[in-house]
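Laid out below as C-alpha cells are two forms of one and the same protein chain, each shown alone and named structure 1 and structure 2.
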Structure 1
Amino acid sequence: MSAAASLKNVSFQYANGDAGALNELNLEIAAGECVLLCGSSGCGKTTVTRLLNGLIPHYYEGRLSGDVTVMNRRISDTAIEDLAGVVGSVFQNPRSQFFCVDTTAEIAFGCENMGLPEAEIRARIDRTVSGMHIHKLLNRSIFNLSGGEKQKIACAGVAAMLPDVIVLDEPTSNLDLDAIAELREILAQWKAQGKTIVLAEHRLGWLKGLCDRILLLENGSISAEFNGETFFSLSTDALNRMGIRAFQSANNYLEWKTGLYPIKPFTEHGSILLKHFTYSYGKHKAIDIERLAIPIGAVTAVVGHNGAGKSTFTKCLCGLQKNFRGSITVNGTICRRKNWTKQSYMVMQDVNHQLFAESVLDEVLLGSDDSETQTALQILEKLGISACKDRHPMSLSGGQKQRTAIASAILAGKKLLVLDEPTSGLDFRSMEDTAELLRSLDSDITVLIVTHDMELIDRCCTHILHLENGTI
C-alpha cells in the first residue's frame, strides 16, 4: 500500500513551552490505516495530529525540522487552507470548533470554502446525513445540541469534504458512553470507505477492533508499537504501568439500578437530607426528587445518561440555579438556602472560569484574611501544589488548576464540594492523583462528582447516586 502520510526525522519545539515537543520522530502511515496515538499528557500526540493537518507549522509557531508529507504534499510548502479537502480534523472542544450557528450551514461550511457548486454541496450533505443517520439534527441551532450531537455534526462537516485522511484529537473527552458508541460507528464507516484515520486519545476501550496500529509516545518519540490484537489484549496493570487508562472498568454503573447506595464500606455520621426537591424549565419538570439522604463525608458519584439532570441537580444543590423548590436538612436542622450556598462550592469542568487572582496563594486566600496564610500554605502542601504557590494560576496544567480551585474551597470552609467531570481529558496519572486527593479530604467535607469516568468511581467513590429523567 502507498503511504498516506510520512514523518521523517521530525523534531518540533513549541515557541512558548516544552510540553508536547517532538524529538526525531519517524512515522509512516499507510493509506486506509487506522492509527492510534496514546501516551500521557504532553507526550506529543496532539503535536503529531497538528503536523498532519498543517496547523503546525502554519498556525502554531515553533522550531520545526525534518520532513512531513501527507498524500504526496509537503506540509511545509502547502498552505493550510489548501489541505482542507485532503485532511479533515475533528477537535476536542465542541464549543470552539463550530463556525456557524446552525447545523446545516455548519456541515456545508467546508464545502463552501472549497468553492464547490451549490448542487454538489447539497448532494454531499444528503449523502453524509443519510450515511450517519442524523436527519433530525439538520436545521437545528448549535447552541441547543448536546456534546455528543455537536461532535456528530463536526464529523459530518469533515466527512462532507471527502478528505483522504482524517485526524481526531481527543474527540471523546466530553462524551458519555452512548455518544462514544455512536462516534465509533462513524469511524467504522470511514474505515470501511478506505479513509486513513489518525487518532490521539486518552480513553481507549471504545477503539478495540477499530485500530490497526497503536503507537505509544513518550517525551516526543515513539516508545512502543503494537498491532491492534496484541494491544487490546494487554492487562490493565500493563497498561497502567505505561501510563495508559484501562480499556474498560469492571463496572458500568449506568446499568445498575437508580437511587443512592454505597459501593464501599462507609460509616455514616449524619446526612444531608433533601426533601421535595423539584426544578422545572417552563412546564417540563427537570428534577423531581421526593426524598434523598446524602451521607456527610462520603464521596458520591452522580451518574446517569446525558440529559438525566445531573448538572441541573448539582447546580440546584449548590444554590446556583434559582427557583428550585425543596428543603435541605443537615443533621436534623433545616438549612436556610443562602447559608447553604455559602457552604457549597462547585469545581467546574472548565476551571479557567473560576481562577481570578494573580498567584496561586492569592487565589486560595481570596475569600479570607491574610492571617490565614499559614493554613493556606498547609493546604497547598497537602494538595501537592505548594511548589507553584507564586505562579499565575492560568499558567498551571489542568490538574494543578483543579487543585487550586479545590484548595480555595477547603480554606473557605466549604462543606459541600461538587466536581463537574473532573477527569475529562486527564491522563492516567492525573486521574489517579485526583482520585487520591478526593479520597483523602477531611471527613466533614461531602463530595459529589458528576462523572462518566467509571475508573475514577472505582478508585475513590464510596456511594453512587444514579439519576435518570431527573429522578431517582
Structure 2
Amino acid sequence: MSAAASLKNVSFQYANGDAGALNELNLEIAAGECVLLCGSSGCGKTTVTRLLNGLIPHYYEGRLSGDVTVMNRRISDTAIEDLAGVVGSVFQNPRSQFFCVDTTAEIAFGCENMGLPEAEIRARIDRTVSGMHIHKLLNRSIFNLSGGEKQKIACAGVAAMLPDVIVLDEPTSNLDLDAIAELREILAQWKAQGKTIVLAEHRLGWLKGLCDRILLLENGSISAEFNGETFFSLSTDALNRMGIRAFQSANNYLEWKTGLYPIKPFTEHGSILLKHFTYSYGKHKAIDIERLAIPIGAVTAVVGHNGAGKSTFTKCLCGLQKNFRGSITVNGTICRRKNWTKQSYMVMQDVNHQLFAESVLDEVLLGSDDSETQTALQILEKLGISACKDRHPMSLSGGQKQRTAIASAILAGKKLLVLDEPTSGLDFRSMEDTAELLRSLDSDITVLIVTHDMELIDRCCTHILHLENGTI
C-alpha cells in the first residue's frame, strides 16, 4: 500500500512548553490504514494529530524539525486551507471546531469553504446525514446539543468534505456507551470507504476490530508497536502496567434498574435536599426533579445518556443557570441561592474556559494568598503535575489542564465540588490519581461527578444518581 502520511525524524517543541513534545519520531501510515495512538497524558499523541492536519506549524508555534507529508503534500509548505479537503479533523471538544450556530449550516461549512457548488453541497449533506442516521439533529441549535450530539455533527462536517485522511483526538472523552457505539459505526463506514484514520485515544475497548496498528507513545517517541489482534488480546494487568486503561469496565451503571439495588433513604439532616427543582429551555423542560437528597460528604456519580440533563442539572445546582426553580435545604436549613453559589465550585467539561493565569501554580492559587502555596504544591503532587507548576496552563495536554482545574477546585475550600467529566483525556494512572484524591477529601465536602467513566466510579464514588430526560 502507498503511504498516506509520513513523519521522518520529526521533533517538535511548543513555544510555550519546557520540553519537546516529539523527539526524532519516525512514522509511516499506509493508505486505508486505521492507526491508534495511545499512551499517558502529554506523551505526544495530540501533537502527532496536529502535525497531520497542519495545525502544526501553521497554528501552534514552536520549533519543528524533520519532514511531515500527507497525501504527497509537505505540511510545512502547504497552506492550512489547502489541507481542508485532504485531512479532516475531529477534536476532543467539538465546540472548538464549530463556526455556525445551527447544525445544518455547520455540516455545510467545510464544503462551502472548499467553494463547492450549492447543489453539490446539498447532495453531500443528504448523503452524510442519511449514512450517519442523524436526521433528527438537522436544523438544531448547536448550543442545545449534548456532548454526543455535538460529536456527531463534528463527524458529519468532516465526512461531508470527503477527505482522504481523518484524524480524531480523544473523540469519546465525553460520550456515553451508546454514543461510542454509534461513533464506532461511523468509523467502520469510513474504513470501508478506504479512508485513512488516525486516532489519539484513552478509551480503547470500542476500537477492537477496527484498528490495524497500535502505537504506544512515551516522552514523544514510539516505545511499542502492536497489530490489532495482539494488542486487543492483552490482559487488563498488562495494559495497566503500560499506563493504559482496561478495554472495558466490569460495571455499566447505566444498565442498573430501579429496585434492583436497595436505596437508603436520606433525611434532611446530613444531606443537601432539593425540592421542586426544575429548569426549561424555552418550552422544553430539561430538569424536573420533585425531591432529591444528596448525602453530605459523599462522592456521588451523576450518570445518564448524552442529553439526559446531567450538565444542566449541575449548573443549576451551582447557580450557573439562571431562572431555575426550586429550593435548596442544607442540613435542614433553607439556603439562599446567592449564599449557596458562594459555597459551590464547578470544574467545567471544557476546562479551557476557566484557565486564566500565567502558570499552573498561579492558576491553582487564584483567589488564595501565598500562605496556601505549600498546600497547592501538595495537591499538584498528588495529581502528578507538580513538574508543570511553572508552565502556562494553555501549554498543557488536555488531561493536565483537567487536573489543574481540579486542583483549583480543591484549594478553593468550597463545600460543594461539581466535576463535569473530570477524567476526559486522562490516562489510567492519572485517572487513578484523581480518584484517590477525591476519596481523600474532607468529610464535609460533597462531590458530584458527572461522568461516563465507569472505572472512575468503581474507584471513588460512594453513591450514584442516574438521570434520564431530566428526571431521576
Partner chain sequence: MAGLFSADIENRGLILDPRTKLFVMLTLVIFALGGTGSGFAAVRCGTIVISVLPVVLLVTAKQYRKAAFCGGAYALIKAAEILLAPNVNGVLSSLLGMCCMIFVRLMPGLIMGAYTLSATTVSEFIAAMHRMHIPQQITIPMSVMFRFFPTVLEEISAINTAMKMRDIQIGGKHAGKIIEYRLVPLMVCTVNIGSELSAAALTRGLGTKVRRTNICKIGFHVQDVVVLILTAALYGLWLLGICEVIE
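Numbers given to residues start at 1 and step along the sequence of structure 1. Not measured: the values here are computed from a predicted model. Rigid core (definition): largest C-alpha set, two forms, superposition within 1.5 Å.
Only structure 2 matches the form predicted alone. Once both forms are fitted on their core, a CA shift of 2 Å or more is seen for residue 414 between structures 1 and 2. Core-superposed comparison between structures 1 and 2: the CA of residue 189 stays below a 2 Å shift.
With the core superposed, residue 202 shows a C-alpha displacement below 2 Å between structures 1 and 2. When the rigid core is fitted, residue 305 shows a C-alpha shift of 2.8 Å between structures 1 and 2. Core-based superposition between structures 1 and 2 puts the Cα shift at residue 295 at 6.4 Å. Aligning the rigid core between structures 1 and 2 leaves the CA of residue 323 offset by 8.7 Å.
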